[in-house]
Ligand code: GMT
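In structure tokens, the next block holds one chain alone, the form predicted on its own.
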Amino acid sequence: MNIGIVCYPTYGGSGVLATELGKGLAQKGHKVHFITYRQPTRLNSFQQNVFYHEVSTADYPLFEYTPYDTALTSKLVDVVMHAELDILHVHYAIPHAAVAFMAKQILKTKGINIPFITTLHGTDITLVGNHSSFAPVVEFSINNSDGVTAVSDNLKKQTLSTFNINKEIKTIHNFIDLKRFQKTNKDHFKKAIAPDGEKVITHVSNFRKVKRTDDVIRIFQKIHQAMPSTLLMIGDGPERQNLEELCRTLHICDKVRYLGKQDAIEELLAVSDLFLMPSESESFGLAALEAMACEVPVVSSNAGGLPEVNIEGQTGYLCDVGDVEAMAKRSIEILSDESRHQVFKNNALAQAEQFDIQNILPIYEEYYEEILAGVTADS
């Protein structure tokens, strides 16, 4: 197949999944065309069958805001025509689903009927998508997609309850590449981070309020009171300064290390003993899954799709959103018992193996074929 993928080229989960999906499809012999305004973060080396098309926007004094939607639509029309794409797969509903619909209508006037699939990732439905400024367009775009997928059963349920959807939504879970995310011997690295054998606690996110990163700090303080430990805060975002001030208030600044955005997250997970994810909302919990693949137990909230990833009492624990006391208690339970810790590590890996990209890729391929067959039958 000749596949076009539209995504945000950032560190966010939707962009990561879209890029890894495209790379995986390319390895199986499909031609994959990424169409976005900047080269995706994970598209950082040459790969056979992968093509990149940059969307450029021209500044024009009439517009207060650059009309990216229009530029992307025009680029999609151009790439579909000249690269002879078979199907478009757009990630994140806003604005990509609406843009794909517009491009499809333009292409029909040129005798081309290209189907498009929309994958819903989370905040495009739960936070941004249901805002009155966007909701009618999101609902229309979903209903007029040729195929729709959601990254968790919970997100599918939320979509159906938020919008009036008459289109079938197929759950295809997020995935990871177990060849990359795996436990490796990084003892020398761990000794540099925790020279006295401290427990290493890790959190990865974009430091937005919805991630409840202040809860991460408060949970860690209680862990540190119970045992020597170090916290690695990976990522960056608007809450960074508030977190640093909270660390000063709690007198734990020397135990918390802010590492910024990292490409080789798997190396940091390899030296971690526990992963914290107390989010207020998670459509899936990809960061938690990456930790589990590296044999790191997870203590998380029970929000959104997290219970589909982190299995209560097996791979870690699930607690109510905001319940810092319970999360700290569960964390200490895991970390203070070596035999229990090892069982949780083993279970975490076993659970992660179910989401290996090699298991998920065939599901996407089959779905592409199904949508293509439906469009051909309607022609």
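Numbering starts at 1 and runs along the sequence shown. Remember, predicted model here, so these are calculated numbers, not experimental data.
One more form of this protein exists, namely the form predicted together with the named molecule; it is left out here, but the text below deals with it.
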Inset, instruction - State yes or no: in the predicted complex, is some non-hydrogen atom of Gln262 no more than 4.5 angstroms from a non-hydrogen atom of the named molecule? - result: no
Inset, instruction - Consider Lys167 of the chain shown here, and say whether it contacts the named molecule in the predicted complex, taking contact as heavy atoms within 4.5 Å. - result: no
Legend entry - the named molecule contact in the predicted complex: Lys199, any heavy atom under 4.5 Å: no
Inset, instruction - Report yes if any heavy atom of Pro297 sits within 4.5 Å of a heavy atom of the named molecule in the predicted complex; otherwise report no. - result: no
Legend entry - Three-residue site Gly122, Asn174 and Asn206 fully in contact with the named molecule in the predicted complex at 4.5 Å by heavy atom: yes
Inset, instruction - Sort through Lys211, Lys75, Lys104, Lys156 and report the residue having a heavy atom within 4.5 Å of the named molecule in the predicted complex. - result: Lys211
Inset, instruction - Name the single residue among Phe220, Phe275, Phe284, Phe116 that comes within 4.5 Å of the named molecule in the predicted complex, judging by heavy atoms. - result: Phe284
Inset, instruction - Please name which of the stretches 244-252, 221-229, 79-87, 276-284 has residues with heavy atoms lying within 4.5 Å of the named molecule in the predicted complex. - result: 276-284
Inset, instruction - May I ask you to list the residues of 75-102 that have any heavy atom within 4.5 angstroms of the named molecule in the predicted complex, in sequence order? - result: Tyr92
